[in-house]
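Just the one chain here, laid out as structure tokens, in the form predicted alone.
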Amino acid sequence: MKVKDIALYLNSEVTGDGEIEINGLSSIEKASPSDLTFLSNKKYEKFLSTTEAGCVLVGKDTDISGYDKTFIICNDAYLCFAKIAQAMYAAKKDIRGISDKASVDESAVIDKSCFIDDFVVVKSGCKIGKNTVIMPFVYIGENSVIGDDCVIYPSVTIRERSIIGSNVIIHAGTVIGSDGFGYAKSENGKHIKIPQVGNVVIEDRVEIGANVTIDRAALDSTIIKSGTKIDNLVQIAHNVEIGDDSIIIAQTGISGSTKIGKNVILAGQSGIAGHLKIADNVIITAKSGVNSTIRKPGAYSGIPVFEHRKWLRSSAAFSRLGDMYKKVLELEREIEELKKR
């Protein structure tokens, strides 16, 4: 792919040699003359003078004067790099058919453009849409529906009656529709299991990382809405609802029946208690704990969380508590001496 073709695809401007052939993508430090790279963080500008990349994607605010290199100038270098990476490395879907080593129930409806790999199990009543790729050792339970252009990586389990939209990616080892954690306590103190008879609904353009667990609802649906991206090792409990285009980062846990709004970011190892509501455009920073409803957009930190700016001030004060405690003791002694006089 030539630089000029990449620029045309990105609707961007080329400075330098547009005829350079690009065969791969690489970091700015390690790129070769046939690689495309990008610069979006100013701390990497120092590599512009040493990079061997055939072409560098840069933003319009980057000063490229004095560099004898080829550049593609765009509004957002990182976004453009993501777009070209998708174009160059999208999962290949030109393979079709059902492996003779797969176990597919005769009642399942699978579009002819799909690819079902070795040792996949598709149970009765399932429907799988166009151009979807199912990799080895995937289990798809009864009456599940999977849309068009999905990629399901190896060893994913999709339990019965799950509904998955189009352009969904599910990475290896993830479990969709496992039982929610619901028990009632009997008169003699024993835990009685509450059957989880709901399902999981995953809308279009969702990506789910490796070893994620999304529990089925007790009665209705656990819902992941369009465009949401879920990192590895996330636990989503029964009856949770996550709004459009949210980001859930690794090792986050969301307890049952919590409703999360649109464009929410839950940073790594954050914990969300059950039966809460989190407003649109909220950011929960790493290792924070949410134990009450959040109604106002903004950033929140701490255990339990409060507004991030206040948390920063409190954290700064916390580091001085030892000295402040000593000062209070000194003041108390001085007050006692004054009283004695």
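Residue indices: 1-based, along the sequence shown. The structure displayed is predicted, hence computed values, not measured ones.
Omitted here: the form predicted in complex with a further copy of the same chain. The next part is about that form.
With a 4.5 Å cutoff on heavy atoms, K229 counts as touching a further copy of the same chain in the predicted complex.
For Q251, a non-hydrogen atom is located within 4.5 Å of a further copy of the same chain in the predicted complex, even though that partner is not displayed. Taking the partner from elsewhere, L8 is found to have every heavy atom lying beyond 4.5 Å of a further copy of the same chain in the predicted complex. Shown alone here, T62 lies farther than 4.5 Å from a further copy of the same chain in the predicted complex, counting heavy atoms only. Residues V175, S178, D179, F181, G182, Y183, A184, K185, S186, E187, G189, K190, H191, I192, K193 are the ones in 175-193 with at least one heavy atom within 4.5 Å of a further copy of the same chain in the predicted complex, listed in sequence order.
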